[in-house]
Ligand code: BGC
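Given as structure tokens, the chain that follows is alone and in the form predicted on its own.
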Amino acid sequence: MRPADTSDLWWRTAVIYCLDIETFQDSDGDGVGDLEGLANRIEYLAELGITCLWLMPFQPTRDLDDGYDITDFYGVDPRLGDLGHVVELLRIAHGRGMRVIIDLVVNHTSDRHPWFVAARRSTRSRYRDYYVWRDRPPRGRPKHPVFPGEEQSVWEKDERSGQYYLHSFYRHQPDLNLENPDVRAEIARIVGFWTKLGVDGFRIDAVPFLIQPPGAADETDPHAFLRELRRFAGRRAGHAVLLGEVGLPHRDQLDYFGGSETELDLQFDFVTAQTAFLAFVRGDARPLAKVLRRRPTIDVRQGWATFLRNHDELSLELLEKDERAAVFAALAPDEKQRVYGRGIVRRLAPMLGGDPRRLRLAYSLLFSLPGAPVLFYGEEIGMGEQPELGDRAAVRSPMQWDRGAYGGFSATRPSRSITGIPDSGYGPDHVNVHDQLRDPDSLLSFVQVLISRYRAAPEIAWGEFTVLDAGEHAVLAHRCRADDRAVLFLHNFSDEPRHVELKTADVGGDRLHDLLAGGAEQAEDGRFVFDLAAYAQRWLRITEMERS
């Protein structure tokens, strides 16, 4: 591939960091994180090696769904700052070589959004058709609510008009009607507004719901809206990325990348993430190897976003029933740690028992798989959850910067609208940025090394991916090769040492250089021999045998 073909595809090799502004850093002592606080922490993220910030919703909101119930798509929640602060943050981030993407939440609005307020006021309102209304819920097989424990139906009766409105999520989040061209035009204006301010792209929330009837832009061609959105974003900002949340099997995700015309540039790889946790639990790499071998090859202009944890529950919906039960039993033995019968509301470190070996294995796997790795704030230091908060709020506590009061997040007690600081073994006295930055053996230091090695090995993102036969069920061996460069990766998912032998013909070279520990290994008798400690990981650059 010529360099010109990939010059604008920055997202293929991005290291993405997701954060919630209101829980990251408070700058003015009101107990709420804000844009100025985030701007003051950009240097930390730059030193970590982050190349793309993903900002969760910061627009005005009732804050009934962590900001995803938006009341004004063009504004900033006054608790967090204003548009001037957004522009300044973008300037600072861009100056440190970081792109910034934001959540695009256009499946629904808040029920306090002016559009919906007007729509409820009169059936003749021009905004009435901005939403999906029915005289009675449709007959036939009903759609199931996304939050089955909290909503019994996706249809809510509006007492004033007697009609029902659609809400795929909560009743306070009425679905927009994309069949209405005025709604699609409004979405385009939203995209145009933020790209004009300097935003580098969008993480699109709940993509499949955008194209499902009723309310789909085109029921005969459901994906037409995504292609239209991609074309518009490209016209407004040629470098803008569309990262989609599509929680479907790989084969179904292909449709969302598009065919002859691009739809999404990146998609989260939910299948690989969920299967990785199955491998952690069983100490068996075979399910993960099988998924990775079958992961579809996609256009070089597009890519996967790989992750372990994020701001939502760890969904297990794509696993088989017995696999899901095994992961639940091992990682969420308490029913309170589970949500909606499909996911786990815990952070990574507690799920893996706080074992440094298992955490290093997990992050080594994340950065060695082809795709753009995504980190959720606080995961790089091993923060824990707060189960007493319930549901998904458990993983959204304030960032822990130091041992000081409130973990250095704020000079005052965090607002009641924000989760407090945990006092468990994962609290700031034990887990914080300040201490780990000064400890070369900390999790933070290790993640920093992994990011550095990932960015120095472009063949991970661009190269041909091959799963090798390790001859050992607990070990995943894979190789990424691009032209005359290649890296071999070994990961032992077992709590016991494992012995692995690989032929040089399969490896593709007979000399290896260790990218994590240093040193070199030479093949003997046409093979490499590895004795891997429990939960060991190896990154080995493949080179040709030196000749005299």
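Treat the numbers as computed from the prediction; the structure is a model and nothing was measured. From 1 onward, residues are counted along the sequence shown.
Below: the form predicted together with the ligand, not depicted.
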{"item": "Val105, Arg392 and Arg396 all contacting the ligand in the predicted bound form, non-hydrogen atom within 4.5 Å", "value": "yes"}
{"item": "Residue among Glu521, Asp506, Asp65, Glu36 with a heavy atom within 4.5 Å of the ligand in the predicted bound form", "value": "Asp65"}
{"item": "Listed residue (Glu156, Glu151, Glu228, Asp205) with a non-hydrogen atom within 4.5 angstroms of the ligand in the predicted bound form", "value": "Asp205"}
{"item": "Region of this chain that lies against the ligand in the predicted bound form, out of 128-136, 446-454, 372-380, 105-113 [heavy atom, 4.5 Å]", "value": "105-113"}
{"item": "In the predicted bound form, His311 touching the ligand (heavy atom, 4.5 Å)", "value": "yes"}
{"item": "Any non-hydrogen atom of Phe169 within 4.5 angstroms of the ligand in the predicted bound form", "value": "yes"}
{"item": "Exercise: Phe147 in contact with the ligand in the predicted bound form, heavy atom 4.5 Å", "value": "yes"}
{"item": "Asp355 within 4.5 Å of the ligand in the predicted bound form, heavy atoms", "value": "no"}
